[in-house]
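Below sits a lone chain in structure tokens, taken as the form predicted alone.
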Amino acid sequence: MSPLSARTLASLVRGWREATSAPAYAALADRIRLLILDGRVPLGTRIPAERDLAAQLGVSRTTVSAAYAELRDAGFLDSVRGSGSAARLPARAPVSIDNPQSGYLDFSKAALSATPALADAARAAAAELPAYLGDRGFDPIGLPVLRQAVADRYAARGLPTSPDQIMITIGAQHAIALLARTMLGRGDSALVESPSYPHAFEALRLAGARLIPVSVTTEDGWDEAGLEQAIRRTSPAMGYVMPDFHNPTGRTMSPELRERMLGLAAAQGTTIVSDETMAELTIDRPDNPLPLAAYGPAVLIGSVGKTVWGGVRIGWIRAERQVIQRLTRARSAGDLGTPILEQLVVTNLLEQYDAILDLRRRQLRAGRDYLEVALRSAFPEWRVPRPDGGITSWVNLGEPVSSQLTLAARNEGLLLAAGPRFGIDGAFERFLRIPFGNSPDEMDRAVGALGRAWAALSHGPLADENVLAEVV
């Protein structure tokens, strides 16, 4: 059972009193509940003693004791005499197979429904499968036909690539985790953007890394001076970046900054890993920058989770041959290979990938425009950006109430990821990530739920919900 310090928890609940008129104990319980629900306090974590947290927050021990009692009563804490209290989730009612979210509208995932081409590609893959059944089926590097198809895709984007520079993985998250545990040692520094994809933070931390954040904003993009200083002063072993349609801000890194960042990284011995899972989801960007490795040494990650469907768990790593060989040797500690049938499905889909992307771009353009109008009409005080690609809008709420709003939205049947979910220190309470890949009807329902939640922020303590939202 891992402990959480009082200082860390106090940082995570920052602003807990500002968005509600509820009693202090109830407001604190609500904020800790959200931290548990969206994974910022992992299940099983031992939370700090009442006296320690009270001292950090500047409140009475009675307030913290009452908050903990409410969380225990609701099933969010387990307490054992002499061992403290640990985070948990309440026992759930049986979940219907036909309706696993029990009526919740899930906007915590920045993803699209399956492309119409998927069913035909799956049928074609099933017909091709018998040719592979004579093998044992454990494939640690990827089918040659798929590695060639991925290499050809990079070449078409302006980056000549050979199949032996490609490893096929079980999605992009698997690729991030494999790279992290292969390239990082305990105590190494890892450069990350802030905000960024929370599961990348988790993979880097599990590998023992110390995270070095660099700011990215919707207005100005990357903090270029901060990026340069972070690389020069800390010499991170690895840097994880999203230069194209950054998640969640939607920003794209300029060619000049790409080249300068990679030059600095090479001089300091830093391996830059570029997450390109949304790189080709342009909406109205006038030109497409080359893949990051065209500007200097870099490892690239891709997948079809954002373009085809999240249910097809296929991704890839593009790196120099010696890196691919190193990853292949290290891979068996975590898994024994990528499923053959899904690789065949993706091979067939890559043959029609341009048509798939054209459809996705039309869907995302319509979705972005629809959501932008709906949000600006319903919430004129919010600052709604207009990203030129990707799947998400990083909305500035104008007040540090993202966590409280997320809790209130759950009461209205809407699952969202609070802004601090994308930071490493409890920041971004003024922001909310809202995906625009859903249907107009779903977006109307989401905006309606947000409107009711926004109006309810100051109406007292929020009801308990035990739905755990996963961020994608």
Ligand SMILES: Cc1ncc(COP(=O)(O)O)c(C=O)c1O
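Fair warning: this is a prediction, and the values are worked out from it, not measured in the lab. Start at 1 and count along the sequence shown; that's the residue number.
Below, we refer to the form predicted in complex with the named molecule, which is not included among the displayed structures.
Checked against the named molecule in the predicted bound form, the residues 258, 306, 331, 368 give one hit for a heavy atom within 4.5 Å, which is 306.
Among 166, 346, 272, 176, the residue placing a heavy atom within 4.5 Å of the named molecule in the predicted bound form is 176.
With the partner omitted here, the stretch from 350 to 358, 150 to 158, 240 to 248, 119 to 127 that lies within 4.5 Å of the named molecule by heavy atoms in the predicted bound form is 240 to 248. Contact check for residue 171: a non-hydrogen atom falls within 4.5 Å of the named molecule in the predicted bound form. The named molecule in the predicted bound form comes within 4.5 Å of no heavy atom belonging to residue 210. Looking at residue 402, you'd find every heavy atom of it more than 4.5 angstroms from the named molecule in the predicted bound form.
A residue is said to contact a partner when one of its heavy atoms sits within 4.5 Å of a partner heavy atom; residue 338 fails this definition for the named molecule in the predicted bound form, lying far away. Against the named molecule in the predicted bound form, the set 197, 278 and 313 is in full contact: each member has a heavy atom within 4.5 Å.
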